[in-house]
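The data below hold one chain only, encoded as structure tokens and taken in the form predicted on its own.
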């Protein structure tokens, strides 16, 4: 299979810091982590980059890939697309105007809110739930949720909305606007500020680069630290500032988009907003079983409280949420006629590009691509699971007895891995090894 069809994973494991404590393995919602030779190993075919592992690791052994800030200077026109989440990371003493101007001080030539894309949609008169084959329509805003569906709930892929995210729509608009102003396309670099690992991975995937919507990403926590230094510096020397840049336009409604309920608030029909990846998984089970009680639209977020709970968001998620709600009230409720007319002048281009590609199914959880061999392996898995103790202790380095059974059936692990079985039935152990084999665990 073409390697470009896989996800780009932004999460990394520092083997020097990792102690194999199993915290990450036990909390992973897709059972993507194994402890092998005392260190955590992430199965890239199962990982959805939700960041739960990083959040629970007590040894700070899990991190997120980071692009260099200086990458922005590759382009003469440097556009920052920021989430309203960024404003929520700062205390009230730092105004929205100060934060925006600090971005320009760092070297950006243009700054836009990613959620401004929701305003663009309103001007275009486009429904935010109009590009799915089946109901309930599932939002495509959270990449971790989409990866979860691709891996574990492929039957729900027809329900996923193919409408691009607001930040992508904003990027489309900005590029079209700058090119009409005479800026060469190759000179435009658009950079998105991300608060989670899944969005970092999304930016770095092969498809994102192919589409050329966004040229790079900046991690929210790192940028916040840089901005704070800049804001403090210029607050002392504000009299020396010669140019003040206006806060980019965004309506109050769109400023709240990334909070739980922010997207579904746009809908006139029956909606449901669910946050935190384990809650999302639980509800997807109901939807797959057709027990969703006639819900029309599902807003699903992998992080607790939505994007304010992202692992790259340094501030307490509840305080950040409160700041965003308060700051939203300072923004207008409607779009001025002049801006609306400008957006409409790009209508043909925006409508043509506003729908993304279908999300493909990924077969990471299949025992085999051949149905007959898969059935044979499934029978083997069930037989092995009957022998294992069924207590899911994790001492074997796998999250559950079922997972260990699958790995043994696949030839990736050994029955010898089960410590409980060796202690309880030492005399029978050699016979079990002869039946199920003694495979050395792969790194």
Partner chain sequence: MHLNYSVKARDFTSAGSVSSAIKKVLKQLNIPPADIKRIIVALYEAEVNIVAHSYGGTIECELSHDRIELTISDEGPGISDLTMAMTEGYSTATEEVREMGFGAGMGLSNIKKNSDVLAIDTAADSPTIIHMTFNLKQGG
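Take the two forms, superpose them, and find the largest set of C-alpha atoms that agree within 1.5 Å; that set is the rigid core. None of the values given here were measured: they were computed from a predicted structure. Numbering follows the first chain given and starts at 1.
Beyond the structure shown, there is the form predicted in complex with its partner chain, which is absent from this document and is the topic of what follows.
Its partner chain contact at residue 393 in the predicted bound form, heavy atom, 4.5 Å: Outside the cut-off, so no.
Should residue 382 be counted as a contact of its partner chain in the predicted bound form, where contact means heavy atoms within 4.5 Å? Contact check for residue 382: yes, within 4.5 Å of its partner chain in the predicted bound form.
Mark residue 371 yes when one of its heavy atoms lies within 4.5 Å of a heavy atom of its partner chain in the predicted bound form, and no otherwise. Taking the distances in the predicted bound form, the answer for residue 371 is yes, it comes within 4.5 Å of its partner chain.
Is residue 285 part of the interface with its partner chain in the predicted bound form - any heavy atom within 4.5 Å? Output for residue 285 is yes: heavy atoms within 4.5 Å of its partner chain.
Just one of 92, 290, 186, 181 has a heavy atom within 4.5 angstroms of its partner chain in the predicted bound form, so which one? Result of the distance check: 290.
Which listed residue (367, 260, 162, 99) meets the criterion of a heavy atom within 4.5 Å of its partner chain in the predicted bound form? That would be 367.
Which of 372 to 380, 412 to 420, 49 to 57, 64 to 72 sits within 4.5 Å of its partner chain in the predicted bound form, heavy atom basis: Partner-contacting stretch among the options: 372 to 380.
Taking the rigid core as the reference frame, tell me whether residue 372 has a CA displacement of 2 angstroms or more between the shown form and the other one. Yes, shifts by 2 Å or more.
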